[in-house]
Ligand SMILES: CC(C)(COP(=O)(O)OP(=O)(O)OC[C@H]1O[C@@H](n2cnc3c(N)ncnc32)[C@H](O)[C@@H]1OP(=O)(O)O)[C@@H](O)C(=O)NCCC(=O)NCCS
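A lone chain, given as structure tokens: the form predicted alone.
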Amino acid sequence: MIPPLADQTLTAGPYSLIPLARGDAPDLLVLFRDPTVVEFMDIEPLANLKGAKDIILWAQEMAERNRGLRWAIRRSGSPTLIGTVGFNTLELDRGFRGEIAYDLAQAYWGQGVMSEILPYVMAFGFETLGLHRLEAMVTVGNLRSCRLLERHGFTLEGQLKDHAFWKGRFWDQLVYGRLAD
């Protein structure tokens, strides 16, 4: 039995991971308004606060059903959201697997933020949730994400042609996976 996800917080080195909440909407709007941040994501740059609130509602509903969890990333002691990380899906009935996903404000790229956070998220998945497999779907061209996953023991398992449709076109997705040690 897994703990209720809607209440799960995590300390990841100098970062606090707290489930997305309504109060995060203004910072989330700033994050996802940046076209560079959402370039490889399945959303257009956000235009208004409603878009940010919709994402938070999606994340909250997922967590309430224990089907996923999305944390706001903050430097410990800081109120500013600098990204999000978590599990976009959790399969706890027949596969014991979770899909890791993450994003980060461009001002923090190249500083090792995700490299520091990812081991804590992986440990939460394997140890707290009892997952056997972690996976990540990466849009072709997102080399930074590929390198991050590979540094943390994920293996490229294949490429799914025209697997996803957003922003008016089909996108190939790379499938990365890692099994519990």
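We number the residues from 1 along the sequence you see. These numbers come from a predicted model, not from an experiment.
This protein has a second form, the form predicted in complex with this ligand, left out of what is shown; the following refers to that one.
For this ligand in the model of the complex, the listed stretch (113-121, 43-51, 127-135, 56-64) containing residues with heavy atoms inside 4.5 Å is 113-121. Contact check for residue 96: every heavy atom lies farther than 4.5 Å from this ligand in the model of the complex. Taking the partner from the other structure, this ligand in the model of the complex has a heavy atom within 4.5 Å of a heavy atom of residue 151. Although the partner is absent here, residue 142 sits close enough that one of its heavy atoms falls within 4.5 Å of this ligand in the model of the complex.
In the model of the complex, this ligand sits within 4.5 Å of a heavy atom of residue 37.
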